[in-house]
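The chain below stands alone and is given in structure tokens; this is the form predicted on its own.
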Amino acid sequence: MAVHSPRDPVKDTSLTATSESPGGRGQSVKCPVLRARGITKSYKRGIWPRRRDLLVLTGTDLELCAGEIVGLVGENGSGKSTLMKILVGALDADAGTVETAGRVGYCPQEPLLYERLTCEEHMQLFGVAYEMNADSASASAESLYDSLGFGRWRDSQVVELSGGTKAKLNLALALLPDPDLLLLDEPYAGFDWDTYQRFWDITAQRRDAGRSVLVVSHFVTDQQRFDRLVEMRDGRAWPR
């Protein structure tokens, strides 16, 4: 996937640099698996004659390597979710480039689910969208039902689910294709304590397998679970 400004088109957006993965795991990986450069974004606000541009991102740079968990933090309105939507191609940047390597999974802050479909029907539908074969999609779904603890709801429609179970399904759909890069926007806001612990177990397993995870949150309570934190401030991403 690549996102680039029409003002500054980029012809070759593949990431091919190879290096050791972070943490000394000794795997030969593509690094970075995500590279964002000079991302800018503004929104129109107000009505004429007081209409103005609200500049949210002012040239944001961000990189993620294989085998690391990175937290993107910042105050409400700092541009975290705007940047996330640009990274996954759900929103166009005004300028800048985004390059990724491998398959990308995205878990939006608000679950984007079909109320009349069951959990199992969602798994099947997304499996087709990810171009997975039926056996692989089914095996992955079974594993996710077990690891996130919501298998008994597989035949329930979304309209029948609690907020917490919807959040589990939302995460499971992002994890279904075993993506190389997982982008999560406030993923554990609706989780109970048990699911919160399960989430971090899954995240740690993915890091150990050389996968990358970017977690967007307005606050971080367990800093030790991250390899590093990046703070959105003044429209840019700063090491913390």
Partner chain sequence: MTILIARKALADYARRPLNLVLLVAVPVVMVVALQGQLASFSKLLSTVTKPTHLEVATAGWAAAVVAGLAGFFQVVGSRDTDRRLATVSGRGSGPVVAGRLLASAALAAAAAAAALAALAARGGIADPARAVPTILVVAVIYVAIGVLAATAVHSEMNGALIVTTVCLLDVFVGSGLGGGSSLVTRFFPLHFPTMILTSQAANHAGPVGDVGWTAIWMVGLTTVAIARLVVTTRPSTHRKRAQAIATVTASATGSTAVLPAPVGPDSPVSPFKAKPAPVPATSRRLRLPSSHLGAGLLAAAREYRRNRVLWALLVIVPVSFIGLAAAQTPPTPMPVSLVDGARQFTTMLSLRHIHAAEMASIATALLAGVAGLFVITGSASGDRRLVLSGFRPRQVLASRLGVIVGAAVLTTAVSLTVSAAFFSPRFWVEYAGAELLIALTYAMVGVLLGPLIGRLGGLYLLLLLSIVDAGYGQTVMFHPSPPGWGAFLPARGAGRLLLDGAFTTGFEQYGHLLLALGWLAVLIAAALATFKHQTGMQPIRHLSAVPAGDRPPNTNIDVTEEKSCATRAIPPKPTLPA
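Being a predicted model, the structure only gives us computed values, none of them experimental. Numbering follows the first chain given and starts at 1.
Another form exists, predicted together with the partner chain; not displayed. Remarks below refer to it.
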For a quick test of understanding: in the predicted complex, does each of 60, 72 and 189 have a heavy atom within 4.5 Å of the partner chain? no
Give a yes or no for residue 195: in the predicted complex, does one of its heavy atoms lie within 4.5 Å of a heavy atom belonging to the partner chain? no
Residue 180: heavy atom within 4.5 Å of the partner chain in the predicted complex? yes
Touches the partner chain in the predicted complex: residue 151 (any heavy atom, 4.5 Å): yes
Does residue 102 make contact with the partner chain in the predicted complex, using a 4.5 Å heavy atom cut-off? yes
Enumerate the residues of 86 to 104 that have a non-hydrogen atom within 4.5 Å of the partner chain in the predicted complex, in sequence order, or give none. 86, 87, 88, 89, 90, 93, 94, 95, 96, 97, 98, 99, 100, 101, 102, 103, 104
